[in-house]
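Here we start with a single chain on its own, the form predicted on its own, put down as structure tokens.
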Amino acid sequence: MPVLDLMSGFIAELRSAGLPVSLTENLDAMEAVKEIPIEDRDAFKYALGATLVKSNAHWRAFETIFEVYFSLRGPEYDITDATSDADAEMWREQQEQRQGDGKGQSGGSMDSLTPEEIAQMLMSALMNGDQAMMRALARQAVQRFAGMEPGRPVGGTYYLYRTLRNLDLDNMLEKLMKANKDLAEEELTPLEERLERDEFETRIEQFKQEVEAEIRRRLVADRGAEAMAKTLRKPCQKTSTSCTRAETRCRT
């Protein structure tokens, strides 16, 4: 029953966003998810997408609404949550590696990091493409910098701005390029430099998406899926009869 309730709200929100979901497609989606374990989120997501999304222009809206209604749940996403044990352990391992011989400071947790240390660790994670560390740092950055409060009627965009502002991502790309150039044994060709820049831009964008996802999960945990979904709705311009909310860029 909880899944059916979520599906009902999910379908209604897709229609509110402008996706033309018919009764037949609704039933097809219900049948599809019977064969997919809900814990396999990717399979579950794409099974719903295959039955409900007709146009690539609608995919962004579908994906955002899916992340709200089928958000990861648990006490670790409470707004007042502290750093998880897994994040703290990852931080201790990073400290030991930075000490070189593993005999340095290994106690404490990510909560004890200064903003400068967080920025340095983020730069290292982006340089190495370390997605696990990027996820851990996204959690820590949201916890430290977003200023989220239970029940506060503030949109996710505001929390995203506050978090990213404290990480100085605007200057991160040039820092990564300089560090990569310093590490290179030979001078990079213009093509190699362009490819490196594109790769770092992609990693920075992935990190931003991790921060967005973390904020979204915490807001869903605090407000509930339906209340959170309402904040995503963006009215169309009255002058355009062909405009649909699904074609706007849904962001929290």
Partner chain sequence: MEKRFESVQSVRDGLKSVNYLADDGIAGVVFLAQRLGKPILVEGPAGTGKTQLAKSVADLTGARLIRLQCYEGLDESKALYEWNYKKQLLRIQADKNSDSWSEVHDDIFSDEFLLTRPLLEAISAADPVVLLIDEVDRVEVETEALLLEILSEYQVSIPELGTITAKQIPMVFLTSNNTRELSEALKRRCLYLHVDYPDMEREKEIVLTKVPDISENLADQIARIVRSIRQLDLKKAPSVSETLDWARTLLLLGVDHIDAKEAKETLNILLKYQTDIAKAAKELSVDK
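Since the structure is predicted, the reported quantities are computational estimates derived from the model, not experimental observations. Numbering follows the first chain given and starts at 1.
There is another form of the same protein, the form predicted together with its partner chain; it is not shown, and what comes next is about it.
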{"query": "Contact label in the predicted bound form: Ile38 to its partner chain, heavy atom within 4.5 Å", "finding": "no"}
{"query": "Thr64, heavy atom within 4.5 angstroms of its partner chain in the predicted bound form", "finding": "no"}
{"query": "Non-hydrogen atom contact Asp222 with its partner chain in the predicted bound form at 4.5 angstroms", "finding": "no"}
{"query": "4.5 angstroms heavy atom contact with its partner chain in the predicted bound form for Glu187", "finding": "no"}
{"query": "Joint contact, Asp5, Asn171 and Glu210 to its partner chain in the predicted bound form, by non-hydrogen atom at 4.5 Å", "finding": "no"}
{"query": "Partner contacts in the predicted bound form for 181 to 214 (non-hydrogen atom within 4.5 angstroms of its partner chain)", "finding": "Pro190, Leu191, Glu192, Arg194, Leu195, Glu196, Asp198, Glu199, Thr202"}
